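Here's a solo chain for you in structure tokens, the form predicted alone.
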């Protein structure tokens, strides 16, 4: 599991994370929600070891990654797969080469084996025959699927999603959701996602955590959080402009 304790982070004297506490059980799907600027991306970067806190801990399977040296941290990161908001594909590489990239960096597989495995993963996400295309030759929805294939190819124990369906039309969004569910069934792992899409959060998650003013104010199952009496949670879920959350 991942356990975050009293995580704090400031930038130029402004405290963004003010003592975040959260536990993400193995095998669960956790969604982190909150208004823009709440610190979700900062928390996300701490969870994957891309940022070190001012204080506090992020313990992954018993190892506090905030205190690991580079070599040990790299070993823990091998457990992670990441799907970034825009896909973050390499424009100069083909779709197949993009999927093969982490294997090339982290394994000793021969090139033929890399491409074979990448091709198999491409088939899993429904893009057979698209391997020789470049990212600028495929649609946004296809890019998301390629990014998911690249994240899954190393069989991660933890899969992180940053706004997995932002900018996609409802049909493609539903297709991505179905694909995420199928992939989790094929290769069980722990999903952690940051999302503004309330429908997506409620449909996809086992647990929903709301980050507000630098702390987690509520973490519960979707059916419980929708019935929350917390006025901040209620306002965010309803999208109302009236309430304690200030508009900027």
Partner chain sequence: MGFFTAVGRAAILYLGEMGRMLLFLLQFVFSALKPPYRILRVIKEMHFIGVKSLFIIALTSGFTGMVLGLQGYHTLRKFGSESALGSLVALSLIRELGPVLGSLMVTARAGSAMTAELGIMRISEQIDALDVMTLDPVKFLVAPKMLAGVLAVPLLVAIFDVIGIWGGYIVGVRLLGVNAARYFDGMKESLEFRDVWGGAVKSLAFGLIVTWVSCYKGYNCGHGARGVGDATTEAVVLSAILVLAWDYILTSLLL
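Positions refer to the first chain, counted from 1. In this text, all values refer to a predicted model and were calculated from it rather than measured experimentally.
Separately, the form predicted together with its partner chain exists; it is not shown, and the next lines address it.
Here the marked residues 125, 175 and 197 all miss its partner chain in the predicted complex; none has a heavy atom within 4.5 angstroms. Only one segment in the set 44 to 52, 60 to 68, 23 to 31, 210 to 218 has residues whose heavy atoms sit within 4.5 Å of its partner chain in the predicted complex; it is 44 to 52. With the partner omitted here, the residue from 117, 133, 143, 77 that has a non-hydrogen atom within 4.5 angstroms of its partner chain in the predicted complex is 77. Among the residues 167, 129, 170, 86, the one placing a heavy atom within 4.5 Å of its partner chain in the predicted complex is 86. Within 4.5 Å of any heavy atom of its partner chain in the predicted complex lies no heavy atom of residue 95.
In the predicted complex, no heavy atom of residue 111 sits within 4.5 Å of its partner chain.
Interface membership of residue 82, defined by any non-hydrogen atom within 4.5 Å of its partner chain in the predicted complex, is confirmed. When contacts are judged by a 4.5 Å heavy atom cut-off, residue 137 does not count as touching its partner chain in the predicted complex. Of the residues in 157 to 181, only 162 comes within 4.5 Å of its partner chain in the predicted complex through at least one heavy atom.
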